[in-house]
Structure formats: structure tokens, C-alpha cells
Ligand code: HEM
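Here we start with a single chain on its own, the form predicted on its own, put down as C-alpha cells.
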């Protein structure tokens, strides 16, 4: 019987040790843009305040709001690319040391994070470009709070892996 192994069998047998370099770059670029928009929403806030009080905004206020909006659109595009790359390249398995309940929680948190990183820009665009104020309220008052909580959980999970379980989870997304 001849020895023939298909490429899919070989690839299927390989376990990913870390995320690919493009995945890591996209992760940290997305994180930087998300933190920028979460920590510095002043441009959008000033524009919204001006529109609410006077019905018009200065060129600087519009420019500040546009920066916030463009960063949000950039986040949406990066997340789409990340999801396509994640589907194509896969992700490393959860460490064996991680209890099953935390593996489930991690998958759930990642799913919620990706949903938020899509919903936030979409609701922001609906508010800013289409004038749906209710979408803006959901964006700023509900989704933003949930996003902060999920980001905190995500960071806490990485730190638990690094310092409590002493796994390579943090390393897989930094230096590989």
C-alpha cells in the first residue's frame, strides 16, 4: 500500500503555537484605535453639543467628529480583515491548563468582543451619517459601557494566564 498523505492531513495535524504576524499586527492596531476612540471622543462630543445647542458646528468641530468617525470606520475594516484572516489561518487552541469553563468563557468573550467591534462603528455611522439619534444613544450609552467591561475582562484573562496559570497565551499575541 503506497504511502500518500494529503496536504490537508498534514495541515490538520499542525497545532498553531501562536497567532500569525498579520493577526498580531491587526490585533494591536485594532486595540490602539479602539482605545483612541474610547479615551478621546471629544471631537464627536463637541460636534454633538454644538449641533444640539446651535444647530451648526464649526469646521474644527466637524473635523474632530470626522476623525472619531474615520477611526471607527477603520476599526470596522480591520475587524472584517481580522475575521477573514482568523477564518483562513485559524487560532491556537486553548492551553491544556485552562479549565473548560474558562475556555468557554474565553470563546464567548471573544465572540462578544467581535460583535461589539462591528456594532459600535455601525451604530456610530447610523447616528453620525444618517441622523439616527437612537443609534447614537445605543452607541455611546450602552455599547460603550459593555465594550469597556469586555475589554477589562479580556485584559484580566490574559493576565490570569500569564501570572496564575503561567501559560503562553499572552506571548502568542505579542512576540509569538
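Positions refer to the first chain, counted from 1. These figures come from a predicted structure and were not determined experimentally.
If you look for the form predicted together with the ligand, you will not find it shown, but the lines that follow are about it.
A.B. asks: Just one of 31, 108, 62, 51 has a heavy atom within 4.5 Å of the ligand in the model of the complex. Which one?
C.D. replies: After the contact test, the surviving option is 31.
A.B. asks: Under a 4.5 Å heavy atom criterion, is residue 25 part of the interface with the ligand in the model of the complex?
C.D. replies: Residue 25: no contact with the ligand in the model of the complex.
A.B. asks: Can any non-hydrogen atom of residue 58 be found within 4.5 angstroms of the ligand in the model of the complex?
C.D. replies: No, no contact at 4.5 Å.
A.B. asks: Any chance residue 160 has a heavy atom within 4.5 Å of the ligand in the model of the complex?
C.D. replies: It does not: once the ligand is placed as it appears in the model of the complex, residue 160 has no heavy atom within 4.5 Å of it.
A.B. asks: Give a yes/no on whether residue 125 approaches the ligand to within 4.5 Å in the model of the complex, heavy atoms considered.
C.D. replies: Yes, residue 125 is a contact residue.
A.B. asks: Of 127 to 142, which residues get within 4.5 Å of the ligand in the model of the complex if you count heavy atoms?
C.D. replies: Read in sequence order, the residues that approach the ligand (within 4.5 Å, in the model of the complex) are 127, 128, 129, 136, 137, 139, 140.
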